[in-house]
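Starting off, we have a lone chain in the form predicted alone, written out as structure tokens.
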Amino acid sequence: MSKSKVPVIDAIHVTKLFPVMKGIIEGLFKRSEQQYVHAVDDITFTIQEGETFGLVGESGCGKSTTGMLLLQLLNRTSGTILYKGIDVASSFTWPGYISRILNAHFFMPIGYGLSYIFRSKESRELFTEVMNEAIKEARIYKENLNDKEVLDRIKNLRKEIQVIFQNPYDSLSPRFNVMDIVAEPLRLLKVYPSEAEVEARVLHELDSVGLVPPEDFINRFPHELSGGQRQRVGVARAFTVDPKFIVADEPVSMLDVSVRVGILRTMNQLSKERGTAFLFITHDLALARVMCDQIAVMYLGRIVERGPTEEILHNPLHPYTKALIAAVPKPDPDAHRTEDLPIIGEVPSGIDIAPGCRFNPRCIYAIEECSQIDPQLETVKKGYYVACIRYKEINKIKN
């Protein structure tokens, strides 16, 4: 783990709610409160320079949505996201008033939208509030257009924050060859003044990710590459502008097991050599152990346990983390599971979440208070946090 104490990313009480769309008939004739999917709900964490921070959990827990919020591919509902102390939302503003109007579903569908605005006093007040906020953001955007310092900051942020996508078959344009794919960010951001320097940098990056000799790959198209080679091209593209922060969203889940280790080793080596901070999103605890210095376990939009990877995987305190680890198959063909998994039922809906602990309906340790108290992350020791009102009792920890 990096010894540096420079925070690259600070996510502070970040929330993302998706409105549940209603049909035209229901919107026009039925009066009901707006419902939301709680994709990410009040999460906080910090990623240091050179550190790999992992988000783990079941599908649908909010891991990928968190990554998209940090990349500003989605607008947060509330909270703050800082990149080296800079609010990334204000830096990436492309007019916020348009995104707000599109996200506020007044026109989707039109019939429901009209009823949403005019049918009640509450709806009209909400409409006024959103439009006032849109006008405010439009004014900020207009000011930013005339501020060279802000525009330069946006350009630098786009250069310093990159992403490695999950599916190498969809994330590479079939119309571009490898040279154009890796060189595209260099050309768009005008990193080098000459095409010769761009080509030299592309060759260097291809060599650094294990596509050797690089001259044999620059003129190939994605359909001429294997899945592992495609993902190496994606890794090269992410690193080619020397980013300070990369979101890797399940970067090897689409690949054969035989090629995963090599790509993970390459990513880990490059991140340590260049001091790049990583958000590593995965559902595989084994990959998290190999790649991550710190991990956060997510469940239904919330972080339920956060701390050093080895400590959490060797001695988990939250019942959900215990269940994830207990479900990992043992690499012994003669081994038979004798204990019951400490989890019951299915993941509940993220709409209209019941009060109390979100894991309460599936937890074998739940008591009556668990359905009434919404646990917040509590400090176990420096750098280690857990959200469970019974973790001391469950783990037999003395006060």
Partner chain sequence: MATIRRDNIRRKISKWGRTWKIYRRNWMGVTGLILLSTLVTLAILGPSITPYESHERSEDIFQPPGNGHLLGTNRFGEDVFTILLDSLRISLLVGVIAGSLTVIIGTTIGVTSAYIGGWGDTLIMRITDVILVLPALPLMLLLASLAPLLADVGDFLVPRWLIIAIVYVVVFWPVSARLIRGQALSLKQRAFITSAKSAGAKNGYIIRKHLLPNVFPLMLTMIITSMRQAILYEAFLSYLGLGDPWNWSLGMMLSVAQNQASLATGAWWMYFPPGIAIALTTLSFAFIGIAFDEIVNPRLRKR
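Numbering follows the first chain given and starts at 1. Computed from a predicted model, the values in this text were never measured in an experiment.
What comes next is about the form predicted in complex with its partner chain, which does not appear here.
With the partner omitted here, the residue from Asp242, Glu184, Asp284, Asp293 that has a non-hydrogen atom within 4.5 angstroms of its partner chain in the predicted complex is Glu184. Though its partner chain is absent from this view, in the predicted complex it lies within 4.5 Å of a heavy atom of just one residue from Glu310, Glu273, Asp170, Asp256, which is Asp170.
Put simply, Val212 is far from its partner chain in the predicted complex: not one heavy atom of it is within 4.5 Å. Its partner chain in the predicted complex is approached by Leu188, whose closest heavy atom lies within 4.5 angstroms of it.
Interface membership of Asp207, defined by any non-hydrogen atom within 4.5 Å of its partner chain in the predicted complex, is ruled out. Interface residue remark: Gln162 is counted as part of the site for its partner chain in the predicted complex, having a heavy atom within 4.5 Å. Shown alone, this chain has one stretch from 65 to 73, 49 to 57, 369 to 377, 356 to 364 that lies within 4.5 Å of its partner chain in the predicted complex by heavy atoms: 65 to 73.
Along 218 to 234, residues Ile218, Asn219, Arg220, Phe221, His223, Glu224 each place a heavy atom within 4.5 Å of its partner chain in the predicted complex.
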